[in-house]
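Single chain ahead, by itself, as structure tokens, in the form predicted on its own.
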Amino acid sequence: MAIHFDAPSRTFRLDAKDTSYMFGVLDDEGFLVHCYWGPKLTDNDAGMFYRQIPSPASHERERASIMDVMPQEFPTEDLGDFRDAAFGILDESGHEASLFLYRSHRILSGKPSLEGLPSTFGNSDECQTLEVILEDPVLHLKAVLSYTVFENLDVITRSVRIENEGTSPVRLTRVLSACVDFDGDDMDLVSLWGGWARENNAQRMPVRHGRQSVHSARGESSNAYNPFMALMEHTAGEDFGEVYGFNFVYSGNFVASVEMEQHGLIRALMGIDPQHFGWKLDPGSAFQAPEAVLVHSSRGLTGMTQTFHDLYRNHLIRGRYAHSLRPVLINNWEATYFDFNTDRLLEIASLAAKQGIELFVMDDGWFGSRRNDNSGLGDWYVCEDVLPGGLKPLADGINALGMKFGLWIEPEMVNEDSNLYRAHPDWTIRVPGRQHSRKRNQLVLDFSRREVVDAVWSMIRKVLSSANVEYVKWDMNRILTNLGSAALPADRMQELSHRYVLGVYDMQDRLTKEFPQILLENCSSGGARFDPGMLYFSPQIWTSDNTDAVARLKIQAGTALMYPLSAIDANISIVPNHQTGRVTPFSTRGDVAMCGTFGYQLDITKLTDEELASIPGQVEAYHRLNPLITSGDYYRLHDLFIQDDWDAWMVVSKDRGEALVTYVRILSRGGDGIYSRIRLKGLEPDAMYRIDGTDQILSGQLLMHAGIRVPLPRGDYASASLHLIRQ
């Protein structure tokens, strides 16, 4: 059993692979208090962890003081705990006070799904779920706290459902999915920050007194911050020490916060950002919060990363491509932008097919009046001036070359110069009387409305049914502003942001169910919606619009901190690069793009003969190595965010039978010579490994402790890739 309940002390112990998580009922009043989260324990009596906590019920004289330091599992507002709360409310009388107390619990085999929301999954052999029922006896609200334990991973997931069992509506002002209180040990906060074309930069800083957080109120998880944070011992590092990782299975507004109060106690919270959030909860109705994933590691950041990767590969990503090889694609965007026709696309595809490329993707510009980015969004029908006869002749032509066919869509957006907008201007998110806040000259459709989702899906469905489409790139190129819906009354207007995300999930659910053969790839101005919620629907996500190989090193390293390499879409593009102007070798671009799904974003007709001749070898290497890359254990061999003149990483198979090592010299320094030495990780010490393509055989012990010298040509941006095979 993964979940244990000690009845005499009313204590819960949740045992994952090498981790225990404990909490219990403090007294007869029913306060639910956190006890422990860390390396696995076997002591059934966890009551020792909270017996020294004074009971508010038996110390009424200092009730408020006790509440201010009590380590609560689901803290609320306005009754003495002045730290950030997991729950907030405004009742009909205008009061903010609430208090949830333990009433009962039940233990379930497996893991129930969350209605309307993506979540991790597992069967009865893989996980158990604990539901703890709390009640506010004054407001007649019920909170169901859900904890799922994955027995073979150091993972516990958390979510909460609020039910109104009273006779009056209440207004929820915050419903966060997870809260963990830590003792005041020295800890550091790790998070990811960025922007367009520079996503997911890792940063580490000491947890200090006060509140520190990353968040998004942009309507998307955002490329400014990722819905992730980790707390780690100040002395912990890449491969050692205690680390506690948090990730949010949600694609909208979020907050991940940590607060050290005056006594040095630390509280970590994760959930929907209370900014732009409110929810009117009528009698008899319920609100389901999204899921938070909690990962513990005693092996530093490496252990955390590998646990997240294993969880998402096996218990989040679904569909036919979850564990199968993705086709090598070529996208026409950087080759043609809006200037193309059938002949031009077939010219690119024909040359690509001869090199072994397997999927041709037609990007923006094929529909409505879309000759530039000022018009056409919302009119999802093929423009026959561009593609005579519609989509089928082109798709058939691509298929005749032995390639799959895919296309780009942006269904959440609309241009004012479109038939859809002219017919339904009220279908956009807007505040009456306010000037539109345009971005990329487009507005956002109100996906909180079922009729809008239905109408857009009807058009998209017709397009996808008209030809043999086997890949869709779903883009979303702007943030949400002017938050107003013509369909929501004033007392529900703050529900818009969350209802919008539910609408997106609804449509992606329809797409994946009705067209299971389609490989769906999500994108949002690059990586602005690279989150676990999107991974539930699409096994890969466009990581960044910045395709420069050197810039991609940090972007991909930060992303891989918790997201598996199989989810990272990485492509080779032309030089000078369209985003940075940098010129890098074709081989280096290939080595960097190999760290994930693999493809090309370029005009293949303009490559040099040498570059063109390299493609078949790259495609063959992808086919040979991708099973290792997408299922093995990922190791960082260098911290690029501390020293950025080189980078190295490796992937080791689960049986430690093979490994792929990649090294990139970013800036050459005088006196470095032509060799760089790196120490490898994760190999079997007593095994012997041959470097593929050579006669050199070395022991795992030697490779990990003494390291290996990587020969590189002189100059900047050189790379090398070594494939090790156990003998």
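Values in this document were obtained by computation on a predicted structure and should not be read as measured data. Position 1 is the first residue in the sequence shown; the rest follow in order.
One more form of this protein should be noted, the form predicted together with a small molecule, which is absent from this view; the next part is about it.
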property	result
Option from 231-239, 94-102, 517-525, 147-155 whose residues, in the model of the complex, bring a heavy atom within 4.5 Å of the small molecule	517-525
Contact flag, Arg440 vs the small molecule in the model of the complex, heavy atom cut 4.5 Å	yes
Trp542 within 4.5 Å of the small molecule in the model of the complex, heavy atoms	yes
Contact test in the model of the complex: Phe340 vs the small molecule, heavy atoms, 4.5 Å	no
Non-hydrogen atom contact Arg478 with the small molecule in the model of the complex at 4.5 angstroms	no
Answer option from Trp380, Tyr421, Phe182, Trp408, heavy atom within 4.5 Å of the small molecule in the model of the complex	Trp408
Interface residue in the model of the complex among Asp364, Asp84, Glu495, Asp136, criterion: non-hydrogen atom within 4.5 angstroms of the small molecule	Asp364
